Every structure is written in C-alpha cells, then in structure tokens.
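The chain that follows stands alone, in the form predicted alone, written as structure tokens.
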Amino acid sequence: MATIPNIIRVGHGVFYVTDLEASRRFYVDLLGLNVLHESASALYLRGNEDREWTLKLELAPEAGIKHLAYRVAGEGDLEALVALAEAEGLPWRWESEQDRPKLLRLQDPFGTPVAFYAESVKYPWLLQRYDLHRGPGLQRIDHVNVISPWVQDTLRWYTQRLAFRLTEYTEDDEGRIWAAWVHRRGGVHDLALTNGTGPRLHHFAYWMPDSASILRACDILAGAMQTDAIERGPGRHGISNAFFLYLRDPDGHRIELYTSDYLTVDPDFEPIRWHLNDPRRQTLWGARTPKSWFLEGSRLEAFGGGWVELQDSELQGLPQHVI
C-alpha cells in the first residue's frame, strides 16, 4: 500500500513579474511585505508572522506563475511523493531555491505546477516587532486558489492521494461540484478549486490581523492614488466567513487579503454544502462581483517550459450577481 505523504501546509508561491521595481512598490511600499532576500532579478518576501519567505517575485519576460509550494513533514514524505509521481507517470525533478536546498517539483495530473519541501532556513519572526511593521500589516501566507475545468476530479485526487480534507463546496442540482475548499493545517483551506478555463491561478492569499487592517489597505491604496488595484471588496464571503479584499498587482496577479475564518481541526467536521445559485456563498454582504473576478487568472508554467495549455470547462455560466 502506498504511503500517503504528510503535507503540513501551503508554503510559498513563485510569481514571474515583468517589472521588479513596480512589483516592489506594490508589495513592499504599499502592502508592507518584508524583504528577506533580494537580487537584481528577484525579491523574497514574507508577512510579519512568516518565519521563512512565502512569496518570490522573479523577473521574467512574461508574467505568470512558476509554481505553488507546500511544506511536508520530512524527507520520507518527499520520497512518498516521488513514488506517487512515478506510479502515476507525473513529471518530476529535484530543484533548489533560496533557503530551500531540496525542492521536489512536479506537475499534478491536471497541469498545476506544484513543489514540495521539508527543509527551510528559519528567521526570527517580526510579529511583535511593531516598530518594523509597515502598510496594513500582512501577517502570514494563508492559501492559494486554482481555476480548474476539472474541479471534481482534482478534488478527488488531492483528497485521496494527498489527504487534503474538504471543508466547503459548491454543488448544482445535478450533483456536480463547481468549487471546493480543502486544507491540511486545520483552517478553512490551504487550496481552493474553482471552476473555469484553466488551469490558472485565481489568487494567492495572505491572512490579515483583523478587518480594520483590510480597510487600512484600502486607505493606503487610495492615498497612493492606486484604487484601480482594488478589484473586489471589501466584503464578507459566505463560504469561509472571511472578510476579504481582492487586489491586482502591476502584472495582473490577484492577491487576496483575508481574515476571520474558522477552525476545522475536529476529525468529525462535516463539510458545508452551498447551492450554486445561492448568492450568499460568494458574498454574504458587499458589492456585486466584477466579471473579471470569475474570468481572469494567471498562467501557469508547464513542466518543460512555456505555459500550460488552457482548456474550457464543461460547466458553463456565471452567477447572476455580477457587474
């Protein structure tokens, strides 16, 4: 029987950006992420609670996503992932990154570039270095959301092969799943899957201290004459109960500022079902959602270079409550 790897949590994302100085202005000067390492071609950033870098911005000719990464418990879990990749014919290789000497890079069966690591250099956290906090106070990495034309199949693979646990899902009258939220660490999600043309990254999220810090982000962007970066919100999701704000960076990558969800650590936690046509699932309260939020996302890097080919979903349609 195959060993199921022990994945701890979402670990980092690597974004390709086309203008590193514009990205620094957005992520560091306005949002207040902390620079842990930098070079002429890359920035390694973290939130105030993160003890390691959680977002790398890498200069490239085209914007996109290099990979999304998860932390595993130990070396044996990396070996279990290699065995899984071999058994299922998934492409994989060993790579390294700043502070992460051994990184397993593979492509999941649905085209998403993912990486796994067990070892990372740790740095003193800045949570109580209030004298160093800037901007609205992004605290820690929270989750990633991937647009997929195969949500139900992807959900099955991540829960059966990687032991992710389902917390909430959206289903239609025919029993087809349009979106799902799964976790490893006991929050609402480390990974969300939403229906659409893909695979693409929908968003990358940071946890915020409270709802007031999200409102402060809006004020900071307004003061800098950067309100066009606000795509959606502030508001509150029905799914996850989170208070949210969605932003678009200079390359169009979507960032969510997120807070006030709930714990899911009990082994008998029952996943919450939402009907597809329930308008409260996306927005418990707040303005109508712009169409761009449903239709746009960041391209994902293919294993051999270039971009993963996009495919349309058989599930078509948008909620009625959109701009």
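None of these values were measured; they are calculated from a predicted model. Residue positions are given as counts along the sequence shown, with the first one as 1.
Keep in mind that the form predicted in complex with a further copy of the same chain is missing from the display, and what follows is about it.
Trainee: In the predicted complex, does each of Arg185, Pro234 and Arg288 have a heavy atom within 4.5 Å of a further copy of the same chain?
Mentor: Looking in the predicted complex, the three residues Arg185, Pro234 and Arg288 all sit within 4.5 Å of a further copy of the same chain (heavy atoms).
Trainee: Okay, which stretch from 213-221, 155-163, 88-96, 103-111 lines a further copy of the same chain in the predicted complex, with non-hydrogen atoms inside 4.5 Å?
Mentor: Checking each option against the 4.5 Å cut-off leaves 213-221.
Trainee: Examine Phe243 and determine whether its closest non-hydrogen atom to a further copy of the same chain in the predicted complex is within 4.5 angstroms.
Mentor: Phe243: contacts a further copy of the same chain in the predicted complex.
Trainee: Using the partner position in the predicted complex, report whether Glu49 sits within 4.5 Å of a further copy of the same chain, counting heavy atoms only.
Mentor: Glu49: yes, in contact with a further copy of the same chain in the predicted complex.
Trainee: Examine Arg9 and determine whether its closest non-hydrogen atom to a further copy of the same chain in the predicted complex is within 4.5 angstroms.
Mentor: Yes - in the predicted complex, heavy atoms of Arg9 and a further copy of the same chain come within 4.5 Å of each other.
Trainee: With a 4.5 Å heavy atom cut-off, would you call Arg176 a contact of a further copy of the same chain in the predicted complex?
Mentor: Result no; Arg176 lies far from a further copy of the same chain in the predicted complex.
Trainee: Can you tell me which residues in 262-298 come within 4.5 angstroms of a further copy of the same chain in the predicted complex, by heavy atoms?
Mentor: Counting only heavy atoms within 4.5 Å of a further copy of the same chain in the predicted complex, the contacting residues of 262-298 are Tyr262, Leu263, Val265, Asp266, Pro267, Asp268, Phe269, Ile272, Trp274, Arg280, Leu284, Trp285, Gly286, Arg288.
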